[in-house]
Ligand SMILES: Cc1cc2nc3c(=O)[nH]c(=O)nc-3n(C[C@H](O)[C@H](O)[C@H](O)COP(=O)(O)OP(=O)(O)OC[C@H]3O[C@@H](n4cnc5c(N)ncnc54)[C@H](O)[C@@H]3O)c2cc1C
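The chain below stands alone and is given as structure tokens, in the form predicted on its own.
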């Protein structure tokens, strides 16, 4: 085609396109419209609604969907993984204790596949480590997030990004949740709620009791200076964000402002080329629920074998302060357990939590809040919620035998099973 002819045809085509855009956009409505009624209002039905797609929530949703429950996962960010991905703490643990694996299942499946696909290397878990962190697993945070997404979709999870609950009300047979996001207002009718927000946000919206300290542990803003960043092969550096609080948008904003300000001050004091910085601070502590059972420091360090235990945990008592952290290792052979009652808000029905908001005192929580036990809690919560929806009951009334059986069939290691 001659150049002049091509330009004439291109100009004509552009005019047609411009005309079409003027006509279709004349009502000033956003294009394209959201699926649903055409005005951004959407209705969604689910057996199980998981709020929060972080460390625990991703695993809870996968387990629920694999158990046959119609599952929706609501995540305020644009990717899954939480602390591991958005926070950048791509160093999950601990899955092993005293020479044997004590946490497996879906979380371990995701972690080990991430390492294998990235050509990484797992620690030698048969040798007692000189320090506990040597048995943590380095993962590529970017690969982890897309593998997590793939596993959710393959299981049948409906992922909803950029939305968060605006209101929650009891309804016949469950809950009616209204969520909002850019250009979207969604009504979700569900039978069971799984709160994996990290700070028990859903529990708080329902005016159920929660616990928190006057001053939270510092958060961390992770970064890297130098020539290159090799995810899955090295850990990022961090600046403490003192007073970091993930309770609401105002405190989250302040934590990120403070973290970036501290990092900039460090770079000015000791000039270096900044090549990587996480999009937001990683938080260690927020609200915890008041559950049917509260795991105490004594329970944790003694390895109390709860009768309704659904998973193990293993990590030092790891309380961070303004002066740093001095982990207190567990005694030889001690293996803490997490009971189903610590995942269920006291006197509640049709709701369960998982992750760092587990019912516990502060010192116990400092060991429970890390990624491997949060994944194990997520799988247990997903299993209990799915079974409760199918049996038309509440998680605490589901047979412990049924919950443990479902977990075992999905690769989990269950105390007393």
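Positions refer to the first chain, counted from 1. Note that the structure is predicted; figures quoted are calculated from it, not measured.
Keep in mind the form predicted in complex with this ligand is missing from the figure; the text below concerns it.
- Listed stretches are 183-191, 170-178, 262-270, 276-284; the contact stretch with this ligand in the predicted bound form is 276-284, by a heavy atom cutoff of 4.5 Å.
- Comment: this ligand is not present in this chain, but in the predicted bound form one of 164, 142, 125, 306 has a heavy atom within 4.5 Å of it, namely 164.
- The partner is absent here, but in the predicted bound form a heavy atom of 77, alone among 77, 256, 112, 293, sits within 4.5 Å of this ligand.
- This ligand is not drawn, but in the predicted bound form it has no heavy atom within 4.5 Å of residue 62.
- Within 4.5 Å of any heavy atom of this ligand in the predicted bound form lies no heavy atom of residue 383.
- The shortest heavy atom separation between residue 51 and this ligand in the predicted bound form is within 4.5 Å.
- When contacts are judged by a 4.5 Å heavy atom cut-off, residue 103 does not count as touching this ligand in the predicted bound form.
- Taking this ligand as positioned in the predicted bound form, the only residue of 294-324 that brings a heavy atom within 4.5 Å of it is 315.
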